[in-house]
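Take a look at this one chain, the form predicted on its own, written out in structure tokens.
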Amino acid sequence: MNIPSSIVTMLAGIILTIVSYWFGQHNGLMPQAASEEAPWVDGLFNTMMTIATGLFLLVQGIIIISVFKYRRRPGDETDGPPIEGNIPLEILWTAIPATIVLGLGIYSFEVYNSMGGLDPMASHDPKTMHAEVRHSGAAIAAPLPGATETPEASDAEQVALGVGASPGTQGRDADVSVNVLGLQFAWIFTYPDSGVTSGELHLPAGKEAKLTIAASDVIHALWIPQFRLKQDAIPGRDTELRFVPKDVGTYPVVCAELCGAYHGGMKAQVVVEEPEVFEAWLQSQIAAQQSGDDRAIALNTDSLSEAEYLQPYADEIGVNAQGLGQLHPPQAEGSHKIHHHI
């Protein structure tokens, strides 16, 4: 029985759609979704996987069918038909990718907005609108016509890169605020409300967290794969991430920007705990800070002088001013700052 080619094509299209959709939605390539924002990103990724799977099967299927169906027969020395140009076909293969790209662009923008994506144009960065003119032996930098120089921009104006409050939490402060500093080659997390500084990021589950991210040397990128969040840390420019961790657990924090020779070792971890466990951890760090029992984790180094910062280590290794005096002859006033502090 000869089945009309239109029916065969329709059946092939149905099978192709079902297989592509199933694989796209069950690919298992993404890690655990540990934040409330993660499902939005997963939905976008699965959609792209569905489309990619369909295109892959379609193209590879046509190639395989053509190899067998239109292969050269034994004894056939004739040329193939001289086919040149096919306007409807060219319109079709141009329109399909354009429609896919446009649809994915709109979808990804909606995901970004739903997560609270900030508008970069709202930063009012006074340092970007410059024209540079170079002459022989001289260089002149000047504002572009119409650009305004703002000597001092407020912090609120400069934080326009990253993910801010979602539409449902606009105008409301986050439950937990953490300042994140990236430096070669470590992440430092500071809780401004308590002054606690830690090498780990601790967050309460189910509470909205706000990370204000900065860099002290080069560009880094804070990436937490289980939260589906990544944001650059830029020297001289704060960026922001707001999200809600939902699953208790420990997840890796990775630098996703090649930042130097030891970039691969720039790792930390985020610990998501029940709110009462998080509060207990925070209070223990505050108590350790007040008692000075945990200098490596709980000290707020920003408030310490150089002598206060070095004093505990001098006591540990038994170094004092008398001992140093035996190693080095007395020097002129102000020539060895650390010596005098110790």
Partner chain sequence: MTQVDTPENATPETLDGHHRTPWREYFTFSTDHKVIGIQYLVVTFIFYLIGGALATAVRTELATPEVDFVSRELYNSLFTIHATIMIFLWIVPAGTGAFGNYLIPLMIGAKDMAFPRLNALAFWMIIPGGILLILSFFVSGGAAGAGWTSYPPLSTTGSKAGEMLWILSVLILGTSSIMGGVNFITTILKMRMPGMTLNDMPLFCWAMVAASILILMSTPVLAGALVLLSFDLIAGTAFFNPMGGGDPIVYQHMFWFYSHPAVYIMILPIFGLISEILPVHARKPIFGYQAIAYSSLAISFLGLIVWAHHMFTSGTPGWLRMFFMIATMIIAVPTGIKVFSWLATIWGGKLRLNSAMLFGLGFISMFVIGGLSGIMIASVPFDIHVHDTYFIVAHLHYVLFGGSVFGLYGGIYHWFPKMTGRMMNETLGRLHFVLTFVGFNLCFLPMHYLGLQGMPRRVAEYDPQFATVNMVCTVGSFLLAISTFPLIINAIWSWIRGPQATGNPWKALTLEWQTSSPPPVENFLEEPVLWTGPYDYGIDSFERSDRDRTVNELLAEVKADVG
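Numbering follows the first chain given and starts at 1. Here, rigid core means the biggest group of C-alpha atoms that superpose within 1.5 Å across both forms. Just so we're clear, the structure is a prediction, and the values are computed from it rather than from any experiment.
The form predicted in complex with its partner chain exists for this protein as well; it is not shown, and the discussion that follows is about that form.
K.L.:
May I ask you to state whether V254 is within 4.5 Å of its partner chain in the predicted complex, using heavy atom distances?
P.N.:
Contact check for V254: yes, within 4.5 Å of its partner chain in the predicted complex.
K.L.:
Verify the contact flag for E200: yes if a non-hydrogen atom of it lies within 4.5 Å of a non-hydrogen atom of its partner chain in the predicted complex, no if not.
P.N.:
No, E200 stays farther than 4.5 Å from its partner chain in the predicted complex.
K.L.:
Can you tell me if Q60 lies within 4.5 angstroms of its partner chain in the predicted complex, counting non-hydrogen atoms only?
P.N.:
Yes, Q60 sits close enough to its partner chain in the predicted complex that at least one of its heavy atoms falls within 4.5 Å.
K.L.:
How about Q290 - does it come within 4.5 Å of its partner chain in the predicted complex, if we only consider non-hydrogen atoms?
P.N.:
Result no; Q290 lies far from its partner chain in the predicted complex.
K.L.:
Exactly one of I286, L55, A33, V277 has a non-hydrogen atom within 4.5 Å of its partner chain in the predicted complex; which residue is it?
P.N.:
None of the others qualify; the residue that does is L55.
K.L.:
Within 4.5 Å, heavy atoms only, which of G171, P82, G75, G168 is in contact with its partner chain in the predicted complex?
P.N.:
Answer to the contact question: P82.
K.L.:
Looking at 268 to 276, 223 to 231, 186 to 194, 203 to 211, which lies within 4.5 angstroms of its partner chain in the predicted complex, counting heavy atoms?
P.N.:
Heavy atoms within 4.5 Å of its partner chain in the predicted complex occur in 223 to 231.
K.L.:
Need the contact residues for 82 to 111: heavy atom within 4.5 Å of its partner chain in the predicted complex, sequence order, or none if there are none.
P.N.:
Contacts from 82 to 111: P82, I83, E84, G85, N86, L89, E90, W93, T94, P97, A98, V101, L104, G105, S108, F109, V111.
K.L.:
Please determine whether the C-alpha atom of T94 is displaced by 2 Å or more between this form and the one not shown following superposition on the rigid core.
P.N.:
Yes: T94 shifts by at least 2 Å between this form and the one not shown.
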